[in-house]
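One chain comes next, on its own, written out as structure tokens in the form predicted on its own.
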Amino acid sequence: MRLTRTLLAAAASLFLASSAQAALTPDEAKLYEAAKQEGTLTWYVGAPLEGMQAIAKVFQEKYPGVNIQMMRMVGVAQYQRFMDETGAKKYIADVLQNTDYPSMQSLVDDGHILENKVPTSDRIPPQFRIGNFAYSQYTSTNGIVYNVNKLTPDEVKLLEADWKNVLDPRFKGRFSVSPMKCGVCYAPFHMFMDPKFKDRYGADFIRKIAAQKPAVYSEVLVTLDRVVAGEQDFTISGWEASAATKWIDGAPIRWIFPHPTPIFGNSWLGVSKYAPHPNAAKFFLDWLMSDDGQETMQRVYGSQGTLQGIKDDRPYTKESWYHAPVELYQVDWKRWDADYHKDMDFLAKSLKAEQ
């Protein structure tokens, strides 16, 4: 029986691969052959590794002969690592996936990213691309991720109504937060520090969050893991895709979108100008931004893709508990670039002062 299942799985894999390859255009097929000659590529990822590994697995099954190696480094840390390697002429990365837009913009401006017009570029809105150099893989929406065994329905409704309700005395010591310097970590605090929200949130709101004595973790994914484990009731450093991958695996969590909800293009993809495996890198990036790549990403990772014309088939959106965000807050990239470090340092200082 075990042998039969193995043979069936192998046959299915071969069928999947042959079908995918048959759908390639002549130019794509030529690039695939060149990619197979290189045999591998290194992908620097900023998103949660588990989800990106699932995406890479699908790609490798469809296009055998191109192996993907991954290293996870988030936001500014990835930018600095890449620049240190570039300065030393130690070229490792083929494809970059950076969660910090200003970092990717700087790499493009300084000539470190290869110009690469993906076949679907005309279907990627301008706000989700940097010319023909870099592309946002998906949008991120910040929210509150909670353990279903820890919050009452009334508490869920309270938190969903407005971010400021985390200051309710009943929530003191019951949630987690991360001052890690990453895009999804910063987005809500970027919104809180927006001058137009100075009377609603502002610096005083952040100090009051710290006074609620949240559990503080330097790695943002740990904030979610502690909620999954039931050690914390909820996290305000959550975002939809991070929760979706855990929910798909059966974790006892759900998520809500307090009003307003930050949304932005995330995980900016580009091919390094110094890529050791440029053909494999371009072929992989083309696939990531294709219909198939974007559908795969939505299915196994759970974020909304940026490619227009893709059906939203994320599994959790059909659940009765799921409510899409209704009041969206678009980030201000200019202010983001100017205030990112200052705001996150202020958050970290405020949290430390209350520990």
Partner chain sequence: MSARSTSVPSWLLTALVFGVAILPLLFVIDAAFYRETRVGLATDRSWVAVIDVFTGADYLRYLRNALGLAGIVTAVSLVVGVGIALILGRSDIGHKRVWDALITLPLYLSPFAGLMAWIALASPKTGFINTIIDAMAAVFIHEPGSIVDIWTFAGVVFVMTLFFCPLVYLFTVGSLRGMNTALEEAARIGGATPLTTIMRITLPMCLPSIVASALLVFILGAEMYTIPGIIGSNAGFTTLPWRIFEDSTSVPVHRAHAAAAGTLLLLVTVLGVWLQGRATRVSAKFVTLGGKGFNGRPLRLGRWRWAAWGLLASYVLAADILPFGALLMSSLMKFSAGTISAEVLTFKHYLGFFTSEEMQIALLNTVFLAVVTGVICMALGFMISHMALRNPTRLNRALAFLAVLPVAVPGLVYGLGLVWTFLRTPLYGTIWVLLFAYVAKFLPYGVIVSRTGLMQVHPELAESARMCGATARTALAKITAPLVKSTLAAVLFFVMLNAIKELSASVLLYSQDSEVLSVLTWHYMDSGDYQFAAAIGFIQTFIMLAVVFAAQRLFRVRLDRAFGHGGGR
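Positions refer to the first chain, counted from 1. As the structure is a computational prediction, the values presented were derived from the model and not from experiment.
Keep in mind that the form predicted in complex with the partner chain is missing from the display, and what follows is about it.
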{"query": "Contact label in the predicted complex: Lys90 to the partner chain, heavy atom within 4.5 Å", "finding": "yes"}
{"query": "Contact test in the predicted complex: Met71 vs the partner chain, heavy atoms, 4.5 Å", "finding": "yes"}
{"query": "4.5 Å heavy atom contact, Thr306 and the partner chain in the predicted complex", "finding": "no"}
{"query": "Contact flag, Asp154 vs the partner chain in the predicted complex, heavy atom cut 4.5 Å", "finding": "no"}
{"query": "Option touching the partner chain, based on a heavy atom within 4.5 Å in the predicted complex, out of Ser103, Ser140, Ser272, Gln97", "finding": "Ser103"}
{"query": "Among the candidates Leu158, Ile124, Ala251, Ile206, the residue which, in the predicted complex, approaches the partner chain to within 4.5 Å (heavy atoms)", "finding": "Ala251"}
{"query": "Among 130-138, 197-205, 75-83, 255-263, the region lying within 4.5 Å of the partner chain in the predicted complex by heavy atom distance", "finding": "75-83"}
{"query": "4.5 Å heavy atom contact with the partner chain in the predicted complex for all of Asp162, His190 and Leu328", "finding": "no"}
{"query": "Partner contacts for 49-69, taking the partner chain in the predicted complex and a 4.5 Å heavy atom cut-off", "finding": "Leu49, Glu50, Gln53, Gln69"}
